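Below you will find one chain, with nothing else, as structure tokens; this is the form predicted on its own, and questions on how it binds or moves follow later.
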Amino acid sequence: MSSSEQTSPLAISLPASLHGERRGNVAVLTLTRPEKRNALNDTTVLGLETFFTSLPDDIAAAVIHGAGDHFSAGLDLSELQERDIRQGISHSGLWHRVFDKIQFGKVPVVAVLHGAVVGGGLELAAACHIRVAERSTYYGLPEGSRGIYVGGGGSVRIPRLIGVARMMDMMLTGRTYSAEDGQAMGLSTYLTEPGDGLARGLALAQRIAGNTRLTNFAITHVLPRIAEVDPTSGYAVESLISSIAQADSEAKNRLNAFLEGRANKVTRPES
């Protein structure tokens, strides 16, 4: 990152379990409970909501990662309370609401993963748009062996990444997957060496931040919904959002730059 993109504070009040900062027009959120393997308690989950709903208007992308040896080991079981069914539904709804603010929030979000990405930690990662995994990463859904069930949207998001059968296997048997397994099956989008994940995630976020806001909105908010509807409805929505996007003044400027030879062409990736 250039000198104009040095780290500076974000004026967002967060609990001690989270730390937010900015690097240029990219926001960086760190889970800061390494002594608990960044387990998620209600205070942290509510802090996630505060962060992702309070981002300044000039922030165009975000990165989330974990301090210490792990991204997140999931729900903090030490704070698990006995709840009746109504209270349990309400608590799960809290996680649903907060993780929706990430998936369908203000900006695209890159998750940088290492160590444990387990239970609720995997649910959090699945709510992000791009996942960069270091080779130390491992994935698990141990809820079945603990007599509980995923409650943070995992039943909805994770099968869309890896399929119902793999998620069922993870939950029934307690099987864990390595970083390489996760890359092959779709849990991560990029795989890096240990210690390289944050730099890769920041570079991706900066690249994403260079897109037009309207295009990023279409990709993160509209594309997932098109994928869920019947083809005829999907075509209709695609036509509408395509027309809206290309009518944007910034889109017109970029298309003109390409036609006039002032923009890079798509080329073969480096080997």
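Residue numbers here begin at 1 and follow the sequence given. Note that the structure is a prediction, hence the values are computed from the model and not measured.
Beyond the structure shown, there is the form predicted together with a small molecule, which is absent from this document and is the topic of what follows.
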{"property": "Which of 126 to 134, 192 to 200, 149 to 157, 100 to 108 sits within 4.5 Å of the small molecule in the predicted complex, heavy atom basis", "result": "149 to 157"}
{"property": "All of Arg37, Ser78 and Trp95 within 4.5 Å of the small molecule in the predicted complex, heavy atom check", "result": "yes"}
{"property": "Contacting member of Ile162, Met170, Ala179, Ala73, with respect to the small molecule in the predicted complex [4.5 Å, heavy atom]", "result": "Ala73"}
{"property": "Interface membership of Val118, the small molecule in the predicted complex, 4.5 Å heavy atom rule", "result": "yes"}
{"property": "The small molecule contact at Gly186 in the predicted complex, heavy atom, 4.5 Å", "result": "no"}
{"property": "4.5 Å heavy atom contact, Pro142 and the small molecule in the predicted complex", "result": "yes"}
